[in-house]
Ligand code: NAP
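Heads up, the chain below is alone and in the form predicted alone; it's given as structure tokens.
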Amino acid sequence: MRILIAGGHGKIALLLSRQLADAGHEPVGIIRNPAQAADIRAAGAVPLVLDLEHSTIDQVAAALAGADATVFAAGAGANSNADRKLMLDRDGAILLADASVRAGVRRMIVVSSMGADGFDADSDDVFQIYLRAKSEADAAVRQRELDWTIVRPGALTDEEPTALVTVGKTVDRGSIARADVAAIILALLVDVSGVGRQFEVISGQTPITEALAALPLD
């Protein structure tokens, strides 16, 4: 499969690229900074320079030609302001979804955030704006004619993966290794059991494939 990953230089994206490449797939990492291309190649992916914050739907759709799936793993980053979180975490995800529809790429996986729908609509706190951006992006993706899956991980860590998780529509607060999130995305790409599902996930006691197979219907 040819998989285009938005936010290709992010930690989850680089881990996913390596896992996809090792499994015989063709990951393509979308980046806006050409200087990151070497890191993308080192992870086993093909770099694609494309700025989602300043591209049209036609430009993005053209870049998606020939893809089997897209993954939105982009984010404005911890030190970004509220405007950038809305522009990238929300509007970037929606642009990728709309471009996927236009390009006929039905499969889309979104990396969101645990508790996104619990944002405080009256707050101007940057973290609350981040949750709002994720929630509104997720809602928009759910409305598109796509085979979508929305993954809402808990606190992300760089610990060694365990391949053991807890998933559900909502789960208790907890953490999960980024490498395990990447493994979840890989499993979702090769198995259609997660289509049309949105779920939270943290580290747990259930093997990833078993946990995903038991996802409840909405």
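As the structure is a prediction and not an experimental result, all values here were calculated from the model. For every residue, the number given is its place in the sequence shown, counted from 1.
Keep in mind the form predicted in complex with this ligand is missing from the figure; the text below concerns it.
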Legend entry - Candidate from Val190, Ala35, Ala65, Ala155 lying within 4.5 Å of this ligand in the model of the complex - any heavy atom: Ala155
Inset, instruction - Find the only residue in Ala179, Leu186, Val167, Leu52 having a heavy atom within 4.5 Å of this ligand in the model of the complex. - result: Leu52
Inset, instruction - Could you tell me which stretch in 99-107, 117-125, 70-78, 142-150 has residues with non-hydrogen atoms within 4.5 Å of this ligand in the model of the complex? - result: 70-78
Legend entry - this ligand contact in the model of the complex: Ala137, any heavy atom under 4.5 Å: no
Inset, instruction - Spell out, yes or no, whether the shortest heavy atom distance between Ile12 and this ligand in the model of the complex is within 4.5 Å. - result: yes
Inset, instruction - Would you please decide whether Val111 lies within 4.5 angstroms of this ligand in the model of the complex, comparing each non-hydrogen atom pair? - result: yes
Legend entry - in the model of the complex, Leu88 touching this ligand (heavy atom, 4.5 Å): yes
